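Just the one chain here, the form predicted on its own, laid out as structure tokens.
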Amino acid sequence: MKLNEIYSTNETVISYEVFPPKSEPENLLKEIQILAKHNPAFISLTYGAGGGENKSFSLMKEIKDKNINIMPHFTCITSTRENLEENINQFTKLGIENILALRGDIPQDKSLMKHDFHYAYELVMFLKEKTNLSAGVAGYPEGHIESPDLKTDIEYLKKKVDAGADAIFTQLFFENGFFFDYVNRVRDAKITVPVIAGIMPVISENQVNKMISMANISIPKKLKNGLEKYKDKDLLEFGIDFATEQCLNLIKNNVKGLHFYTLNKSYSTNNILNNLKKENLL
């Protein structure tokens, strides 16, 4: 099922992100099995499309063999057209229908960059010209870290949507106000595709510090106080409660979907979704 069909429902759509583990995937597959009971529309799998053997394909197949829809990430800054066409052929064989189209991080070694693609909207155009794949793209409620301002960021977002993107998946955020303001700005820019809220449950102070060092993400006072007050399991439970409150508010304000950045762990996301079910919101 393609993204425009997935998000045609009036119900809140649930999806997850995972990444290929460095070691054998058995533990990840067990975590996915726990999360599968919540009937996700799909699981997105991070990876880079350019250069060398991509070991994500075997993991994609294992996930699909469990009758779970999968949406691979597809980066282009280090890819040639030939790289992308090779990967597309692999996707076709696996029955993949949806792609998260990303520019990808600029590598420290600039020699790794190719020059067929410079921006994500060029990748979306390529996918629409060459394939029947549905493309999702990234959005940044507080602005991309490389953008001078949110207005410029949304101008680039519109290029991605005008190129054919079917849904926008936001970077994680901890203050819903940023998300609601972002959606309003997106709609003011005449962008009508679904905007899906990216949720990352807090599992440790190091995790939060790492994220805010890499992206524009604000830490609200309540979360800051929790990080100072709680440690280990107590912080984990605080993170579940904090994200549950976020999700309750988003659903009550008619968010189209919740996309959970699971960090390959089921515990927090599973408990958040159980909490939402207790409120009869899923």
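Quantities reported herein were computed from a predicted structural model and do not represent experimental measurements. The first residue of the sequence shown is number 1, and the count goes up from there.
Absent from the display: the form predicted in complex with a small molecule. The rest refers to it.
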Three residues, 75, 144 and 261; all within 4.5 Å of the small molecule in the predicted bound form via heavy atoms? yes
With the cut-off set at 4.5 Å between non-hydrogen atoms, does residue 139 touch the small molecule in the predicted bound form? yes
Heavy atoms within 4.5 Å of the small molecule in the predicted bound form: does residue 164 have any? no
Any chance residue 169 has a heavy atom within 4.5 Å of the small molecule in the predicted bound form? yes
Is residue 153 close to the small molecule in the predicted bound form, meaning a heavy atom pair under 4.5 Å apart or at it? yes
Partner-facing stretch of 199 to 207, 174 to 182, 81 to 89, 98 to 106, counted where any non-hydrogen atom is within 4.5 angstroms of the small molecule in the predicted bound form: 98 to 106
Among 249, 33, 218, 46, just one has a heavy atom within 4.5 Å of the small molecule in the predicted bound form, namely 46
